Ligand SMILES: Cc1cc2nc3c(=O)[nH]c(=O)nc-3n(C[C@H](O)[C@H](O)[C@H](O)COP(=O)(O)OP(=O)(O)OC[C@H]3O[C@@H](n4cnc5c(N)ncnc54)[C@H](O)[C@@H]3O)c2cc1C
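Single chain ahead, by itself, as structure tokens, in the form predicted alone.
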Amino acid sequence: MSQRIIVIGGGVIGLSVAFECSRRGHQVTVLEKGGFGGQASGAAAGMLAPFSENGEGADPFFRLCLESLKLYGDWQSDVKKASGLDFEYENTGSLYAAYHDADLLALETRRQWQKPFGSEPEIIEGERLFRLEPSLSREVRAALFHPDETHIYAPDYVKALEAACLRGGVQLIGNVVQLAAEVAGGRVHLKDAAGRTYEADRYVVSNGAWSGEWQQALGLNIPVYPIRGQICAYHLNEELAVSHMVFASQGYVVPKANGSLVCGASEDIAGFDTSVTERGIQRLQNWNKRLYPALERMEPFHRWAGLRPATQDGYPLLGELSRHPEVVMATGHYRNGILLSPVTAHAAADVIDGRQPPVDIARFAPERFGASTVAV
């Protein structure tokens, strides 16, 4: 049965949820305080790399990320068809570099626990490694290769999601100032600074680092904080030829089809400040030249920053509220919003439809941090 759904937040998660709910026949409106696809979404390097970014073990978060990677092939194709727009989606594979013989055991441990999950990870050394990545530093002793990992060009992907929503009948309302939630008669109601009110059958909270604004209205502790991520990009050339996503302990580099090499990410706590700092970019330059020596002689042509919504335990908030079942949380994805957009969209839409999500989301219950100190 069709429901009226309001999605709060027009980043990659909000647009993905809106797209999925719309194509299931729901009437969807997205409310965004600024422009669509900003902050964490537009600033992302677009890595779809659950194996490289989750090195500790097959915890629930890894499984959530892996399920999303499996969904991505059909998902990105559907977004392209629905929007009429193309965007880069490259299956380059990834390498996780190690510099010392002592690190080989750690690579082998990762390979062993990751192998049962459908990938064919392989430790590559010596000349074979440098045939794959000729510009890589000869200090690199070995690398764990994951052929299944991919990346996407985030700015174009978000634009395509926005277009897919519009073509699918989703109402997108930007520049909604001071949206406030009020609870009356056991129901949630929204009102903005202009006095406009918004009502729906279900509400999806997906406004990233601003999700804490809902604490008072819902009487719920929502510990989502902005983490500034600073990134830079270089021009690829004959001296700097990179074919794969390459990870090291301090960061990553990702080659893009437009001839750029994205390097990230330098993180710090700066509130909602999205300015780029020399210190932040210098942290990237301090380590990336050890991975690719050519970078020591180059300056980035582009530098930018975005806010990543981090939760207290590092896991997203995903699911409906027991006290307010009309509210579904889909927020706090930290630096994995691009990767997790398909599985979050499916899970949120399944919750709304009363279905079982494609993966167990119990560990991401939005009420796990308890009630706020402000009573509803």
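Sequential numbering from 1, following the sequence displayed. This is a predicted model, so every value here is computed, not measured.
Omitted here: the form predicted together with the named molecule. The next part is about that form.
*Asks:* Give a yes or no on whether every one of G55, L69 and D313 sits within 4.5 angstroms of the named molecule in the predicted bound form by heavy atom.
*Replies:* Negative, none of the three is within 4.5 Å.
*Asks:* Picking from 364 to 372, 5 to 13, 19 to 27, 350 to 358, which part of the chain touches the named molecule in the predicted bound form when contact means heavy atoms within 4.5 Å?
*Replies:* It is the stretch 5 to 13.
*Asks:* Report whether the minimum heavy atom distance between Y292 and the named molecule in the predicted bound form is within 4.5 Å.
*Replies:* Residue-level check for Y292: no, no contact with the named molecule.
*Asks:* Counting only non-hydrogen atoms and a 4.5 angstroms cut-off, does V253 reach the named molecule in the predicted bound form?
*Replies:* Looking in the predicted bound form, residue contacts with the named molecule do not include V253, since no heavy atom lies within 4.5 Å.
*Asks:* Using a 4.5 angstroms cut-off on non-hydrogen atoms, would Y334 count as touching the named molecule in the predicted bound form?
*Replies:* Flag for Y334 set to yes.
*Asks:* Test of understanding: in the predicted bound form, would K33 fall inside 4.5 Å of the named molecule by heavy atoms?
*Replies:* Although the named molecule is absent here, K33 would touch it in the predicted bound form, with heavy atoms inside 4.5 Å.
*Asks:* By the heavy atom within 4.5 Å rule, which residue out of L64, A44, A345, L318 makes contact with the named molecule in the predicted bound form?
*Replies:* None of the others qualify; the residue that does is A44.
*Asks:* Looking at Y234, Y153, Y203, W214 here, can you tell me which has any non-hydrogen atom within 4.5 angstroms of the named molecule in the predicted bound form?
*Replies:* After the contact test, the surviving option is W214.
*Asks:* Along 337 to 363, which positions have a non-hydrogen atom within 4.5 Å of the named molecule in the predicted bound form?
*Replies:* Sequence-ordered list: G337, I338, L339.
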